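Here we start with a single chain on its own, the form predicted alone, put down as structure tokens.
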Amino acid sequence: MSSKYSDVKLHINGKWRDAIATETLDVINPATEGVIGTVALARTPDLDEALEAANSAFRSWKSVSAFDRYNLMRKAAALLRERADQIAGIMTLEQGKPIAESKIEVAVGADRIDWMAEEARRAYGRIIPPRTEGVYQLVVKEPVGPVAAFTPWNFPINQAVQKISAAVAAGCSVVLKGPEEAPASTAALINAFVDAGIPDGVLNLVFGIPAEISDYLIPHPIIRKITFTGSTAVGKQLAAKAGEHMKLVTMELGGHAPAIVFEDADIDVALNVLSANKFRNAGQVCIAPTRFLVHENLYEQFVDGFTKIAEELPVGDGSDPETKMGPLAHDRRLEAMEGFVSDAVAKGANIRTGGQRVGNKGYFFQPTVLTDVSTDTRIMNEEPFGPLAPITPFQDFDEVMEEANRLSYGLAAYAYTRSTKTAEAAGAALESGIVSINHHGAALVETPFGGIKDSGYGREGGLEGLECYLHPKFTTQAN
């Protein structure tokens, strides 16, 4: 199917349209640095229309039965699957990831819609036995109201669909601020819902200057819930603003996942799974393994194996089916990678492979392995969000757990061991919202996704993801 890129418009109250002021932003292909299209830039008048549309639509959408919402959402999922090849091609053009990864993202997006559609049909309340005869005590679950959702560029469909599918299934309306770097993928997701018949105003899509849009939407009285995926620094600012106005909040923020390889681990499994997930989407994944902590008796073997994988990884334009790692999403990420590497080297780290930009066209960076990395380096303390793998040896369980839990992040953590006792101890000791042992089992549609500490609060996915868009109402009645 064709993957021709079209300029991206706003979607407000059931209509695709230009911004009122007709302003646009350029969309860049990160593999070529060429402009491939534009995206409409919303200002306050556009946001006012989107807010009013969401408010009006919520009044009727909340009364639509869960079964009818389910039927509509299943149609949207089917349309997304039918269009998967075309949407994947567009995603690779604007975001850069290999076409195989883009196809998986679209397929998983459809699965997420299906899951939440099913889950909403089972959002049961309950009857609480009374203390007094003739009293009825009921708990019912109601949608929280219009939602302001903010999603990033690294997974332009997956991040948006997490929020949209849960909100819509619960009976909420949405104003989604999509990613300006990868807008057409998100627009394609919205269009699947539109073509499935979602009522005007239930889903509204805007793009623009992030701070300007968040400053307007978060305190607005129509918005009842905020959901954000992005950096910890920005998330704290938005959460504080939401708190000033007593808005419900879900924050899915940054991570710095430890990946622990114990002495008795299956080293081949650890190498294959961890390297695949380190370099997926060029490392631009919040749950990517980031600090590799390897037992000293396996250390050199692991470093050699990981280095070999990194050196042999095909890096190039994501539209080439042979490519296994595409470019970074924009030039800012290139500068960040160079900064992390130079800081580590200045503090004594060794580059086993990589460490540099690839060529001078496109935002490509070499898969990089670093050793002898001290804990005072930036890469051991700040989320790198790129294809950098610092590998450090450890001696015993207590030592590695201290390092694994040292940072304020707590999104994901990984461990590899053949010992059931060690696996249970690691699972209990790791301070993280997600712990995956001997495989990469995070972010499945039926499981909760989210972190603790500075990695945020609230959950997406699973039944917990739906509950974030419902509030319990208790009614007690005496005869």
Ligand code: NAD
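These numbers were taken from a predicted model, which means no experiment stands behind them. Numbers for residues come from their place in the sequence shown, where the first is 1.
Keep in mind that the form predicted in complex with this ligand is not shown, yet the notes after this line are about it.
In the predicted complex, at least one heavy atom of E180 sits within 4.5 Å of a heavy atom of this ligand. This ligand in the predicted complex comes within 4.5 Å of a heavy atom belonging to E252. Although the partner is absent here, R112 is not a contact residue: none of its heavy atoms lies within 4.5 angstroms of this ligand in the predicted complex. Although the partner is absent here, L238 is a contact residue: one of its heavy atoms lies within 4.5 angstroms of this ligand in the predicted complex.
This chain lacks the partner; the member of G171, G354, P152, G201 within 4.5 angstroms of this ligand in the predicted complex by a non-hydrogen atom is P152. The single contact residue among K247, K163, K97, R333, judged by any heavy atom lying within 4.5 Å of this ligand in the predicted complex, is R333.
Only one segment in the set 369-377, 182-190, 204-212, 290-298 has residues whose heavy atoms sit within 4.5 Å of this ligand in the predicted complex; it is 204-212. Counting a residue when any of its non-hydrogen atoms is within 4.5 Å of this ligand in the predicted complex, there are no hits in 81-104.
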